[in-house]
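Coming up is one lone chain in structure tokens, specifically the form predicted on its own.
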Amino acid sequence: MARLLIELIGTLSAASTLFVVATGLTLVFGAMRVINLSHGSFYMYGAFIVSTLVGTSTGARYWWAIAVAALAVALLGTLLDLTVVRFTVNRDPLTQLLATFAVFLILADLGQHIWGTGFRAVPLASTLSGRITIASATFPIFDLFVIGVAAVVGIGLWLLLGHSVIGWRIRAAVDDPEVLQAGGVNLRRLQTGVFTLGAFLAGLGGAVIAPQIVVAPGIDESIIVSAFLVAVIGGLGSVLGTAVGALIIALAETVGALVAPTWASTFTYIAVILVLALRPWGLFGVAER
């Protein structure tokens, strides 16, 4: 039972990071129909900014560094939306892929010029460095913190999308953007806000998880693959689907690591194939008509 609880908490922690990052991706696609390959860059920049702000301190700066990093990445997202992404909206998917992939490469090179090619370790705040015992199972407090952040993000998005005027407009932009624009809503401004929110969530994910990973060039590539898998099997545009998809991917990785460590990634893709074979539009997605 103790081993089961430990694996469960570890799976939920991994799923939480994927959820926070992939939610931004699915929101952008849902409201703008833009496939953003540069989304992983926002995650990487969030982690690198935290590593710079925290430095070699004992981790006390980690708390405010998270907020600064997420807001800085959100500002970067706004800038990219106004200069690049706005010209890809309503274009064919290939144009979007090429444009956002070009941004991905530019940001990767820029990141290496700013932070170098080496790896960085982010000290953990003392309040998160301990362990807690539940039912004879001991877990890192940091795992529970990551799960808590994902829960706060999920509740916040539920309130935003389901119980606010802005959320109503975002959902209307997904269903019928022409009617929404005809009603006097500045659709372009709304889309910029959604893209900024997506960048903020990716930066937040990278900033929060920075002490648990090796912060180095290349983490943008790994996270964008996982985030796309989560968003696709959950159903592009569905926040609830993103949560379920993140849990499935994290569970598949955990099972793979326990059963066949050298084939762990294979379990992830098997899970994706099985889901898409049954529902090609994702678990909570809507079939295109």
Partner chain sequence: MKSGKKHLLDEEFTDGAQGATKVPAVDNTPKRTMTKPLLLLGCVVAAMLLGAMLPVSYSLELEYAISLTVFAVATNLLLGFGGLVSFGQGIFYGIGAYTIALGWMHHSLSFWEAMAVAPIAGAAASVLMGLVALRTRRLYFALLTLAFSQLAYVIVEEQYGFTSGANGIFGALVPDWLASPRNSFFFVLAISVVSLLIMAKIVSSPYGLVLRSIRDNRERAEALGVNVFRHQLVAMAISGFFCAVAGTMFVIYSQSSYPDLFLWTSSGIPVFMVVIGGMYTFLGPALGAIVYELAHHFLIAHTQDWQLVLGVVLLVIVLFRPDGLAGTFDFVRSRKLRRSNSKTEAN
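Predicted, not measured: the structure shown is a model, and the values here were computed from it. Residue numbers count along the first chain shown, from 1.
Omitted here: the form predicted together with its partner chain. The next part is about that form.
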{"property": "Output flag, 37, 91 and 105 jointly within 4.5 Å of its partner chain in the model of the complex, heavy atom basis", "result": "yes"}
{"property": "In the model of the complex, the residue from 126, 164, 95, 138 that sits within 4.5 Å of its partner chain by heavy atoms", "result": "95"}
{"property": "Of 31, 249, 69, 236, the one that lies within 4.5 Å of its partner chain in the model of the complex (heavy atoms)", "result": "236"}
{"property": "Exercise: residue 264 in contact with its partner chain in the model of the complex, heavy atom 4.5 Å", "result": "yes"}
{"property": "Proximity of residue 225 to its partner chain in the model of the complex, heavy atoms at 4.5 Å", "result": "yes"}
{"property": "Its partner chain contact in the model of the complex: residue 99, any heavy atom under 4.5 Å", "result": "yes"}
{"property": "Residue 82: touches its partner chain in the model of the complex, heavy atom cutoff 4.5 angstroms", "result": "no"}
{"property": "Contact segment among 128 to 136, 178 to 186, 82 to 90, 200 to 208, judged by heavy atoms lying within 4.5 Å of its partner chain in the model of the complex", "result": "82 to 90"}
{"property": "Residues from 193 to 223 in contact with its partner chain (non-hydrogen atom within 4.5 Å) in the model of the complex", "result": "221"}
